[in-house]
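Take a look at this single chain in structure tokens; it is the form predicted alone.
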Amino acid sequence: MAEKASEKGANRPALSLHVPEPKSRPGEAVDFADFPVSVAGAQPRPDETCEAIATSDLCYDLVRVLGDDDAAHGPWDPKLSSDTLRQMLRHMAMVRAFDERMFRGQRQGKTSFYMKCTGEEATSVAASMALASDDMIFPSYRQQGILIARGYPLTEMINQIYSNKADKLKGRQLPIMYSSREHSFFSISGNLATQTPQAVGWAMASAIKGDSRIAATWVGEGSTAEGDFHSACTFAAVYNAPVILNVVNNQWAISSFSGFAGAERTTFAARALGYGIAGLRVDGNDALACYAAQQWAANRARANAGPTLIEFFTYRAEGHSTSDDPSGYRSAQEREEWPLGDPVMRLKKHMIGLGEWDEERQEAMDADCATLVKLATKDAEKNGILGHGLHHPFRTMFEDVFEELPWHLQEQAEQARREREIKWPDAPPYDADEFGDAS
């Protein structure tokens, strides 16, 4: 007789399920004593056209250039000019000033939503500066530094955040989800990880055309659990796509710590090895290391040596967004105790050590950035803020989707125009084409 289901395996040890849990929660002490901080400059820099397997050790180590003495060390030092370093520091300071004012604007009710990148500025600013200006960017929602580094007007960014009448995206995107064809910056999507297969596909198309432009995409460590990310890795490996997959590991995906995406088992850079892709794990708060790693990967892609997956190991110093309160799920001490420091402060100290900077110039630059952001904000506010009625005409909801407007949408446009006339008979008429040609 077959055993009853309840009796099967009765003499075997019971199975248990592991649920990831961060080391500290609100009210608990933070201890990073066992955090493995690699020695700056100790990591080898393989040839950019090496076999992917040659990067294995670099998937578990941490590529660092800036040491505790604030000096640059080792073969990964990109040896940037003083002018480039000053430009990098200014872009990072501008991002921080921009974030501060937009956060304040959201609290004042001028926009519905905002996301800061405090503590992660180097992963976008320094990394993107290592790319060509026309290399295609497929960003996530915390890469405002790339647009700022590429010279996108601050006023245009704020128009989009306010979804006002000057918003080039016509109020259709959630605030901070920018897009700029002129700056090779693909539209940000709120659907996580969709940008990764898009970046790989674009890179494949560039290679098919025999073009020289590569693609780079940014994704959070939590989003690497999405199927799209793994599809992107498969296609990138199979077709040797000229693409860089940047994983920003800031330790937290909203309120879930990185362990839920697999960080307890291995590094995110190590995922590259299973696909036969080159991988690098980088100190994401070291601007020089971020630049050097991105430059290495870009040169590799241009040499048709294949894609690279870079894990930028950093820390989200503030909330996930203006809708989030991090004090509800992590210790308030984490930001101060984070062992890799602040990227802006580290670059500033490095430049002071070189004799190319000082505290007075830093203070003046910070004040100048704050002033420029304030002026841009005032300029954008002339076009409207949340709830003030200055937005794109209603008819624009029917535009920019179809080359020729389908008959049913033409009917809806006409119906909307008639209902407006009935509801507000005394309102001034729209222009003749306010709802498009609905004849």
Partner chain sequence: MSASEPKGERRLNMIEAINEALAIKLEQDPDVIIMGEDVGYFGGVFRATAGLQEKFGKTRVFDTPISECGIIGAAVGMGAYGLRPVPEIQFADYIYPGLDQLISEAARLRYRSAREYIAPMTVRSPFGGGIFGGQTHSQSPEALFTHVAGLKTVIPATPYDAKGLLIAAIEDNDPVIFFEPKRIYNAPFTGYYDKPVEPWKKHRDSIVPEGHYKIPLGKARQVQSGEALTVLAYGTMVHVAEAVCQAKGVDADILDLRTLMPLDIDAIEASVEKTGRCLIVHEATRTSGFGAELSALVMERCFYHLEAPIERVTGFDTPYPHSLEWAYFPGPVRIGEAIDKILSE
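Residue numbers count along the first chain shown, from 1. Keep in mind it's a predicted model, so treat the numbers as computed, not measured.
There is another form of the same protein, the form predicted in complex with the partner chain; it is not shown, and what comes next is about it.
- None of the heavy atoms of P175 is located within 4.5 Å of the partner chain in the model of the complex.
- In the model of the complex, at least one heavy atom of N191 sits within 4.5 Å of the partner chain.
- Though the partner is left out of this view, E363 does not reach within 4.5 Å of the partner chain in the model of the complex, counting heavy atoms only.
- Looking at P406, you'd find a heavy atom of it within 4.5 angstroms of the partner chain in the model of the complex.
- Proximity to the partner chain in the model of the complex, taken as a non-hydrogen atom within 4.5 angstroms, holds for one residue of P197, G105, G119, P78, which is P197.
- D211 is the sole member of D325, E336, E359, D211 with a non-hydrogen atom lying within 4.5 angstroms of the partner chain in the model of the complex.
- The stretch in contact with the partner chain in the model of the complex, judged by heavy atoms within 4.5 Å, is 228-236, chosen from 288-296, 268-276, 228-236, 336-344.
- Although the partner chain is not shown here, in the model of the complex the stretch 393-423 places heavy atoms of T396, M397, E399, D400, V401, F402, E403, P406, W407, H408, E411 within 4.5 Å of it, in sequence order.
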